[in-house]
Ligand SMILES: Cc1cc2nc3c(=O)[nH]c(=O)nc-3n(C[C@H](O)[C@H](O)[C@H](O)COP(=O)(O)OP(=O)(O)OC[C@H]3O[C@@H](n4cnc5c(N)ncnc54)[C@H](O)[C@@H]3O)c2cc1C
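Have a look below at one chain only, the form predicted on its own, in structure tokens format.
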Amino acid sequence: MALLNLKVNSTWQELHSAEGTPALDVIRGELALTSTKEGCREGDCGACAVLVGEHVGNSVRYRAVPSCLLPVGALRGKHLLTLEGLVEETEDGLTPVMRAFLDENASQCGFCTPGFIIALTSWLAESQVPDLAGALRAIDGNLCRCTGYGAIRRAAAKLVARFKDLPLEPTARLKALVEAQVLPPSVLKFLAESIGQESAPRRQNSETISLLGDDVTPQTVVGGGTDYYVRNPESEEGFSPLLTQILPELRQIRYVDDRGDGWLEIGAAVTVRDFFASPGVRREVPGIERFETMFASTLIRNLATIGGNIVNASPVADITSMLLALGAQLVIVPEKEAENDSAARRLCPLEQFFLGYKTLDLAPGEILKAIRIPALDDPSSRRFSFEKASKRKNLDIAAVNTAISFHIEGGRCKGVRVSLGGVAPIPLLSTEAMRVLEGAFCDVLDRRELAELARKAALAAASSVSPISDVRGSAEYRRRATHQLILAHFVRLFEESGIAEELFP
């Protein structure tokens, strides 16, 4: 078992735990840092949140993640900050975030408080102008069972007022936060140590790469861990999976040209948060960032990966639904060649990747390396929408989800793709709705014509599916939801036409 070298608060340490051990167990067990609490072990409560710093560009980025879903091997070479590390060298043993909680009585039983402190500290460390909406979004994955949310909101507002003038440049911001004792001096030391290093270290030796062959079982592959550790909360002794997070080649977002076709290639280990924040993704799919908060919580988005959302093969995976509508292709390579940019690969259209419930077109020894989105000559012409129906507005798994993508050329819909999730054992394209829309005349100002087109597409989509009933909804509910969500796409995409009044008088 290889030793794991990482910076824990102010000191570099070598850990003896297996790479696949949940970081929470190592933090509380091997490291005896008990401010990090064990709560739900599913990433839903935020009590176990920690700050993880890593080298990005010429600076260091810190983000809060749930340590119960984080494989400790993903921390190799990074900076782990717990509450004990935040208070190092503070004048009175409290950071300004903690002080705001104390002043506003925002801590009651105190069990959830460490997670809230970590999440708000992470929010302050991000290069953005602090506002209350951003602060509340940062803690959307933290639960307070004592219902102290009013006081927590007041504490967040106090932080917004105090830190509204923080610099936006990443390094300058970190220095300002260290000076204000929001972050400890160990942050600047880690920044100095990281200059010139890669953002994520490679695996140390060939022992961590499976020796593939006919009689050898490949390693378990773990992306963000947000699904794997929910299903497997107690890892086996010595569990050392292939961690896609530590492979820099799987974390890139870049443009590629393949036989004259342009693609935006997104590494399978790119996090959901980085996917929505990517300038390339936002350029190719204008407005996609508005759908980010429909996917889980900030803590989960900081950890979950795009590739993981796909290979989890959930019939209602949100990212999968979006990528299906965008005409994505998958880049699949042999696992042992995952780091080789010139390795033999095969391309698979995303809609052909799902062979049955939880069954994928992925042979033993193969790994999903990247996802490609077709690059348009004029991305601004792309119209894209995503909708989902779930019991809760946010932070919930969909009963049904759907996405649509097309552009208007010569007054007609072109390149139409409509995805449906939750209506079959696999995510799929609604070929019936696509047939209705492809080539259809589309006057963006004629609300009656748009409404009629929307009704036809919605009817085609709903009448073609045969969903099942389960705890998230009956078959009839899913059919009806499919119909209504297709209408919702048109309302979102053609809001200025007044189509909502036409569809729902």
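Values in this document were obtained by computation on a predicted structure and should not be read as measured data. Just count from 1 along the sequence shown to find any residue number.
From this point on, the text means the form predicted together with the ligand, which you will not see here.
Novice: Report the stretch among 402 to 410, 84 to 92, 163 to 171, 361 to 369 that approaches the ligand in the model of the complex to within 4.5 Å, counting heavy atoms only.
Specialist: Only one stretch qualifies here: 361 to 369.
Novice: Of S127, S278, N312, T431, which residue is found within 4.5 angstroms of the ligand in the model of the complex when only non-hydrogen atoms are counted?
Specialist: The option sitting close enough to the partner is N312.
Novice: Using a 4.5 Å heavy atom cut-off, which residue among E387, D274, D227, E284 comes into contact with the ligand in the model of the complex?
Specialist: That would be D227.
Novice: Using heavy atoms and a 4.5 Å limit, would one call F190 a contact residue for the ligand in the model of the complex?
Specialist: Flag for F190 set to no.
Novice: When the contact criterion is heavy atoms within 4.5 Å, does P427 count as touching the ligand in the model of the complex?
Specialist: The answer is no: P427 has no heavy atom within 4.5 Å of the ligand.
Novice: Counting only non-hydrogen atoms and a 4.5 angstroms cut-off, does G421 reach the ligand in the model of the complex?
Specialist: Result no; G421 lies far from the ligand in the model of the complex.
Novice: For L69, is any heavy atom within 4.5 Å of the ligand in the model of the complex, or not?
Specialist: Taking the distances in the model of the complex, the answer for L69 is yes, it comes within 4.5 Å of the ligand.
Novice: Taking the ligand as it sits in the model of the complex, which residues of 279 to 301 have a non-hydrogen atom within 4.5 Å of it? Please list them.
Specialist: Heavy-atom contacts within 4.5 Å come from M294, F295, A296, I300.
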